[in-house]
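The chain below stands alone and is given as structure tokens, in the form predicted alone.
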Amino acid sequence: MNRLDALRGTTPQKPHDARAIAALAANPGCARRALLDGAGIDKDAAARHLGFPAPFGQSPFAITRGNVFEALVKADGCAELLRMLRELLGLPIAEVAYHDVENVGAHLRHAHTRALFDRAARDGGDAGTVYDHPLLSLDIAGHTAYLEPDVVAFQLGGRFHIVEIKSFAVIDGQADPSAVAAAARQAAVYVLALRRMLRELGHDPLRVAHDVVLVCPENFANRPVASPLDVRRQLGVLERQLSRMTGLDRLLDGLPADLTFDLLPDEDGLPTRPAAELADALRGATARYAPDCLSACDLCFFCRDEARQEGATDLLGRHVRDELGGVASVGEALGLADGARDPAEGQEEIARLLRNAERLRRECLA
């Protein structure tokens, strides 16, 4: 951990939130991201200082709409939510207990959440129980991240379900795939955090269902609709990435001993380190850029610019990059395709495929 602290330097550690943890599952092969997150580097501050700010965040209109929709779903002790759960899961709930954990002081919320879930897991039974705004925690590279989600944990018959409330619309039964994927990654963070909490309390973590309930507005109205969302794949990727972050020694061993990502903030917290020097330091850690990073990582524009300068095949997307395994740049791929470049050892098969593709392209153009 001392090496991670040295990477961060005098820059205050940035706590992880659910969005940042969910983004880990979006690009698990990026060593640069793993190191920055492991050290608790503020990637947004670094990107802005480098001149590559990422325009993340919702508009005030979207935030207001989301708050109004969430209030509608949770009104009257989550009455609307319970109606949807009965329809979706076929749960014959006669009486439901409602606990709003947010009403407890912030410093007590985590302990209160643990006590509530411990009691529910021990009692079991068929009575439904809703937990609003539970405070969960997750260990990230030796640091504890506290998650304050606007989610509901629903318990019935000893099984816990995460309910994720989002304001993007489901139109004719379909929603934006990228928005659903982001919601699945974020919900997986909550499922994993709740499972680890139950394990620490001595209960079976699999009592937390991997089927998340996603609640969104239906069509162009504010009427909510609930859909099941299986997050097993996202859970697997997230667990592998978190395990990778707890064992960063291999990545750290490959870095120069004096490398640091310190922003050298002044008394007002503004970075003072020369931007060119910080950029050189970041290039000391290998990135694995993909177009998907544009919606998940604060350093996306910096890494995209780096990939453009190198002419990397990463710019073409993960599918193309994986198909061109062993071919690092677009120029190298074109050289193999037109025969101007001889294939290196291990590139014979991909060179043959590229040359066939180039031959077909010329025949089509002719």
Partner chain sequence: MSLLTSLARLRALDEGIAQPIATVRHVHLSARPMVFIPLKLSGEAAAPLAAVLGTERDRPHLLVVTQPRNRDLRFAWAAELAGLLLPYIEGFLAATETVERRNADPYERALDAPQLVLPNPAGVAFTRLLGRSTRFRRADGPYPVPASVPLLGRWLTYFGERAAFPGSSLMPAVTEELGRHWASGQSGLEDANLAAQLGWITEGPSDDAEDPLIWPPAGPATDPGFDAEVLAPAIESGSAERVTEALRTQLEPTWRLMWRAIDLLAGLPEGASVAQRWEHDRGSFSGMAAQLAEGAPPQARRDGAVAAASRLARLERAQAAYEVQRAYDDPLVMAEHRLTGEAFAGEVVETDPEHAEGEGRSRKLRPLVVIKTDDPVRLAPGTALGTPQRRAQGAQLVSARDGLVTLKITKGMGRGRTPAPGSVPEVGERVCYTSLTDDFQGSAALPEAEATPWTHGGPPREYEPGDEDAREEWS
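By rigid core we mean the largest C-alpha set that fits within 1.5 Å across both forms. These figures come from a predicted structure and were not determined experimentally. Residue numbers count along the first chain shown, from 1.
There is another form of this protein, the form predicted in complex with its partner chain, and it is not shown here; the text below is about that form.
Chemist: Would you mind picking out the stretch of 162 to 170, 234 to 242, 249 to 257, 275 to 283 that comes within 4.5 angstroms of its partner chain in the predicted complex, counting non-hydrogen atoms?
Modeler: Looking at the partner contacts, the answer comes out as 162 to 170.
Chemist: Find out whether any non-hydrogen atom of Glu358 is located within 4.5 angstroms of its partner chain in the predicted complex, and reply yes or no.
Modeler: Heavy-atom contact with its partner chain at 4.5 Å: present for Glu358.
Chemist: Closest heavy atom of Gly158 to its partner chain in the predicted complex, within 4.5 Å or not?
Modeler: No, no contact at 4.5 Å.
Chemist: Considering only heavy atoms, tell me if Arg341 and its partner chain come within 4.5 Å of each other in the predicted complex.
Modeler: Looking in the predicted complex, residue contacts with its partner chain do not include Arg341, since no heavy atom lies within 4.5 Å.
Chemist: Classify Leu294 as contacting or not contacting its partner chain in the predicted complex by the rule of any non-hydrogen atom within 4.5 angstroms, answering yes or no.
Modeler: Yes, contact at 4.5 Å.
Chemist: For a quick check, can you give me the residues of 213 to 235 that have a heavy atom within 4.5 Å of its partner chain in the predicted complex?
Modeler: Result: Asn219, Phe220, Ala221, Asn222.
Chemist: Note yes or no: does the Cα of Glu200 move by 2 Å or more between the shown form and the other one after the core is superposed?
Modeler: Shift at Glu200: below 2 Å after core fit.
Chemist: After a core superposition, would you say Leu315 shifts its C-alpha by at least 2 Å between the shown form and the other one?
Modeler: Indeed, Leu315 is displaced by 2 Å or more.
Chemist: With a threshold of 2 Å on the C-alpha, tell me if Tyr190 counts as moved between the shown form and the other one once the core is superposed.
Modeler: For Tyr190, whose C-alpha is compared between the shown form and the other one after core superposition, the shift is less than 2 Å.
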